[in-house]
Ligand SMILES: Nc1ncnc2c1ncn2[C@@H]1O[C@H](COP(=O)(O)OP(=O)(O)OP(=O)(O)O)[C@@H](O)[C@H]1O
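Starting off, we have a lone chain in the form predicted on its own, written out as structure tokens.
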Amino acid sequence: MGDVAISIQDVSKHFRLYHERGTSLKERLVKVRTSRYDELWALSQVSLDIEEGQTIGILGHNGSGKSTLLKCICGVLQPTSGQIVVQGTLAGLLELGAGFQPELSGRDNVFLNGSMLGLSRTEIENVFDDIIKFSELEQFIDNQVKFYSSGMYVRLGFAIAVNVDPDILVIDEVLAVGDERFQRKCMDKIREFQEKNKTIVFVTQSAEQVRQICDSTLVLKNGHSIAFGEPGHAIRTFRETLLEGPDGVGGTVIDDADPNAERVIEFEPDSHEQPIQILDVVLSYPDDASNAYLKSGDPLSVRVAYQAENDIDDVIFSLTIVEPKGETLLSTSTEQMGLHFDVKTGKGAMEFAFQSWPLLDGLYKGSVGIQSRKGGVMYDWKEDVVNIEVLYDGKSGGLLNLPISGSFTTGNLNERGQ
């Protein structure tokens, strides 16, 4: 365990949301006893210790308390209860324009912000050129910042924050405002800070950014901490809350207590007669799995059990998998796999087996069907009956977790093969 850079202990933050506020001091004094308001706990007993050198991501819905927590860490807001102890110098990049005076020029705001972060004028002058170079605002630095675009605000704010060499860097999700090239530049700077063992706390809506650079991740919901740990597990919790919605309504509830990690979906036989019907679909994970989710790269099987009323020649079993946004990832059948089935009267099963499931995080849905090879008659079809929830603990981004290796060669590459 390293030294604690930020200690957050039972922090709660309360706001009053007034339905009507006076526009003058007199009106406010008159209405002080009659004003109607709602109580809002933006944070509720959040506790967290962030060690020196850690990079912590914070995920959550809009209104979950992410920005409120960052403002409390930076000292912009004071907690209603609990305490936050920060060890070391801190630079924060919060909402757009925070700390900027719109009537002043960019140059004046650099000196103003630097002094607010505890730097002397000489120290600011020593890093001024680096700030302007990083922000790429040379030709606009003497203009009033009220004429800056949102992207220019972010460039200048981030450039100041990273060039004052703080021990702790706190970033709200303002980086999403900048263009893609500048976002990459900011991420490179964050990685440079990580190499210097700086402590970083940042809010983002990008689960991929969290996966790639964070050591641990906090998930907030309605002001409560609902998960903290490895990015893969935290992202899974975050995505489950997205499925539920901000009020916890809807979504797919998955039982984590199943020790066999086996999913069985049973069906009542249709009242009308069919030559063959699907009885159940069984989703199986590795024998030693004790989680409700499949780990990316693990084997997976989907077994389709059926009941046939009579012998049927040339039966085709089909499987379709769609990704969380509804795009088809896989559509295959026993015919495409070169398998031939003549079904006998009675019960049986067909199993689709994946030696490795290469997809990253998400909830993937599958549909199964049985049809005839001749004439294309669909005997039975079950839509979205398979739910494959995948967890990925690695740091790779994208959609696929493909096996890959690398090698390194030194010397004159032109001499290879001689």
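One rule holds for the numbers: they count along the sequence shown, beginning at 1. From a predicted model like this one, the values you see are computed outputs, not experimental measurements.
Although it is not shown, the form predicted in complex with the named molecule is what the next lines describe.
K.L.:
Do T55 and the named molecule share at least one heavy atom pair within 4.5 Å in the predicted bound form?
P.N.:
No, T55 sits far enough from the named molecule in the predicted bound form that none of its heavy atoms falls within 4.5 Å.
K.L.:
Taking the named molecule as it sits in the predicted bound form, is L40 near enough to touch it, meaning that at least one heavy atom pair lies within 4.5 angstroms?
P.N.:
Yes.
K.L.:
May I ask you to state whether Q205 is within 4.5 Å of the named molecule in the predicted bound form, using heavy atom distances?
P.N.:
Yes, Q205 is a contact residue.
K.L.:
Can G362 be called a contact residue for the named molecule in the predicted bound form at 4.5 Å between heavy atoms?
P.N.:
Looking in the predicted bound form, residue contacts with the named molecule do not include G362, since no heavy atom lies within 4.5 Å.
K.L.:
In the predicted bound form, which of 65-73, 378-386, 46-54, 362-370 comes within 4.5 Å of the named molecule (heavy atoms)?
P.N.:
Contact-bearing stretch, as computed: 65-73.
K.L.:
Please tell me which of E230, E323, E123, E173 lies within 4.5 Å of the named molecule in the predicted bound form, judged by heavy atoms.
P.N.:
None of the others qualify; the residue that does is E173.
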